[in-house]
Structure formats: C-alpha cells, structure tokens
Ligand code: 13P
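A single chain, nothing else alongside it, follows as structure tokens in the form predicted on its own.
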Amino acid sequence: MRTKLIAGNWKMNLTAGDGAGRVESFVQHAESRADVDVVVCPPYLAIPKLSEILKYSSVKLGAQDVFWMESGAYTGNVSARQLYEFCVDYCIVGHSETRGRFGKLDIPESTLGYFGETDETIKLKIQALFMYGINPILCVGETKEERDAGQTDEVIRRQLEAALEGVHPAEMHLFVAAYEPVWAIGTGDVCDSEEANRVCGMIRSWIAEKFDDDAASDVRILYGGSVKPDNAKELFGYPEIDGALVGGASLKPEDFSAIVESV
C-alpha cells in the first residue's frame, strides 16, 4: 500500500528564521502521523537551517528546483550535489511557475520570458536528481484554455513522456508525480475531487503502459492546487490521490498540520 505524501511548497516566502519557527510549530503534529510522509520545500536560503532542525525528525526536507549540471559557470543555480550535502530528500521539478504557466499572473506579462523551463530541462533535472537518490516531484497540468479545449489528458501525457524519456523502470521507485491544474494554482479554484482522481488515475495508467504495473502501483501521485484543510479530506478519500502538494496553506502551521491530520 502506498504511503500518503504531503509536501509543502513555500515558494518565495519566509526568511530562514521565519521558516525555522514555522517548522518547529508543526513538526510535533506531523510526527504524530507515522503513516504519512511529510516534506517541506523552502527557498534555497532556508535549506541549511531547516536541515539542522529536521535532522532527527521524520519530516523530510525538499527543494523547489535544481539545475542539471553538477558544477560550472551557471550563476544563480543550485545543483543536485549541493542539495544532497544538506540531506535534501525531495525536489520539485517542472512546476507551472518555472514553465511560465501561471494560474494567477502577478507580474507583467512582458516578463514571462524569464521563466524559460522546457520539457528538455525538466528531463535533465530529473536525471540529475536520480544520480543523487533525490526523489523528484514532477508537476504536470493544463491551463484553463487547454481544459476548455478538451486537451487535459493530451497535455499531461506529453509532459510525462518528455520528462521521463530514457528513465529506467528501476529508477521509478524514487519518482513522484503531482497533478497541478494550472488554473487552480493560487486562484482559490479547486479541481473537482472526482475529476482530480480521474486525472491521477490516467497518469498511473500511462506509467503502467510506459514502464510496468509494478512502477504504476508504487508511484505516488499527488494533487496540487488550492489544497486547504476544508477540502483535503475529500480529496484524500479517492483511491488514486496519494497526497498533496500544498502551496499557500503550507505557510500556516495550523493549516498544514490540519491537512496532514486529514489523511
């Protein structure tokens, strides 16, 4: 049976000091649920401090992104080797925001070119994480326009195919998928639970076709997109949803604890 996974993505919020206080507030609640894996993904600058705090905790440390080269003249980037040094266990890749696909655009549209993530760079990042035994959490999902055009499944299959090209079935025990409909991220809109379950099931079926039934059975598939304490229990009641990638609610210790408890 797959262990449920709840991952908090802090995005570009909180200082290292603020983050330490938040973590200490909910660690005890998280550890009371030994049957649930809990991950915190802070900004890069908070990773060293949180690594020390979580060293003897069951709560795992994650990162929000990674660069695929191990070292070199790549100003501003962080490698899997550098994450490994601080005992990072999980890393988000291919988030819609790094792809330049925003549910709610809070920046000038003219700056979207800054977010240059491609299917190829996502694939390279996953390969780099596998080299260091770090679990990639691959985000896939459609925009509102793509959903309205009936392209949800097509878009997600294309994203999966590109990201997992060349991956060996034996590596899939590290892999986590997160279905994050772009239109639900930061907007307050939540995908209907039954539809979220259907899409997660479609992802599992694709993995079975691409790799094998064992990989499909083992891979955890999360839902992300405006997950809150008041909708988490319903989402987790569906068989294909193995947890959540939580954004804004993960910044509030009481809300994040409530989501963990709702599993």
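What you see is a predicted model, and the numbers here were worked out from it, not measured in a lab. All residue numbers refer to positions in the sequence shown, first residue = 1.
Another form exists, predicted in complex with this ligand; not displayed. Remarks below refer to it.
- The stretch in contact with this ligand in the predicted complex, judged by heavy atoms within 4.5 Å, is 183 to 191, chosen from 144 to 152, 158 to 166, 183 to 191, 120 to 128.
- Not displayed here, this ligand is kept clear of V40 by more than 4.5 Å at the level of heavy atoms in the predicted complex.
- Although the partner is absent here, K252 sits far enough away that none of its heavy atoms falls within 4.5 Å of this ligand in the predicted complex.
- With a 4.5 Å cutoff on heavy atoms, G19 does not count as touching this ligand in the predicted complex; it lies far away.
- Residues of 63 to 81 that come within 4.5 Å of this ligand in the predicted complex, judged by any heavy atom, do not exist; none qualify.
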